[in-house]
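Okay, so here's just one chain, in structure tokens, the form predicted on its own.
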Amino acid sequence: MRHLLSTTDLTQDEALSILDTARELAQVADRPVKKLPTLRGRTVVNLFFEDSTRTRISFEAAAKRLSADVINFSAKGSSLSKGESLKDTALTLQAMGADAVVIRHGASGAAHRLATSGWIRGAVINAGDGTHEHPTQALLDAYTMRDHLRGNTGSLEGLNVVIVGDVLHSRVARSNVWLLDTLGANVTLVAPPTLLPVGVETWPCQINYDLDEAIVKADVVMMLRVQLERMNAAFFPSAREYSRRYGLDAQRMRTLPDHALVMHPGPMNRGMEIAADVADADRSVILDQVTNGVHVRMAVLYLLLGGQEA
């Protein structure tokens, strides 16, 4: 594994290796000094063309806990806002000695372009490209499911995962469907027909338009953010109607199996796709997802930057 661009590139053994490594590295968080010298002397660049507090800080924390040097590069206020191309930016980063570039970009395929262009010799990690993929989010979601439901060992064979909401604009949904299928889980997508992408019937998952029917046997219910900033068409009649049919409220949560988890990749629209009391309930593992994101991203950096040989 030289880059991490898509969950479709991962075999089950590779995915489990990342999750197992993350489990080992999670122990660092319990130490008085939360640092390992593993990537000392390496440089990780966070190249973010889109705003993201959660993902950027998570990658920064992960790199610093492995003692890497971190450069945060935001498109706003940089030469990119003056029209500099992705190629010129990449060549500049290469000249500065970047060993890994974590890229978030509004264009689907941007991470793949960066990895295959020859502009960067180091590892490229996709932190979200357009509506395409967000592989480390899917990995931290899988880690969280395994931690709570499988004792943090083994695959997710036979687990029933229901992903609900704005699948059309969600790179998280795409990455999760492919990774969870690789790990043996059964995935069901629930959304209005207008919020399902063309070709979704070829994905390795089931489709259901009835949330109440889908969640009765769910082990995990993952609510997706309604991406209002991408809503340039009338995908549903009103926010109130969407919430009534596809929102997770306390009444719906009571129909879940007792062991079922509630997840959300964040940021949340409280009161729309998820009720505030559900987001804060005991079976909600949303904050655990944030914590586990650091462990998983440490594992990805560790494995890509030669930590396995160190």
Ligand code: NCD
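None of these values were measured; they are calculated from a predicted model. All residue numbers refer to positions in the sequence shown, first residue = 1.
The same protein has a further form, the form predicted in complex with this ligand, not shown here; the description that follows concerns it.
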- Query: Using a 4.5 Å heavy atom cut-off, which stretch among 29-37, 245-253, 277-285, 47-55 contacts this ligand in the model of the complex?
  - Reply: 47-55
- Message: Counting only non-hydrogen atoms and a 4.5 Å threshold, tell me whether Arg146, Lys217 and Pro257 all contact this ligand in the model of the complex.
- Response: no
- Just one of Cys205, Ala100, Ile103, Val172 has a heavy atom within 4.5 angstroms of this ligand in the model of the complex, so which one? Val172
- Classify Gly271 as contacting or not contacting this ligand in the model of the complex by the rule of any non-hydrogen atom within 4.5 angstroms, answering yes or no. no
- Can Thr182 be called a contact residue for this ligand in the model of the complex at 4.5 Å between heavy atoms? no
- Within a 4.5 Å heavy atom cut-off, is Gln137 in contact with this ligand in the model of the complex? yes
- 4.5 Å heavy atom contact, Gln227 and this ligand in the model of the complex: yes
- Item | Interface residues of 238-270 toward this ligand, as seen in the model of the complex [heavy atoms, 4.5 Å] | Pro265, Gly266, Pro267
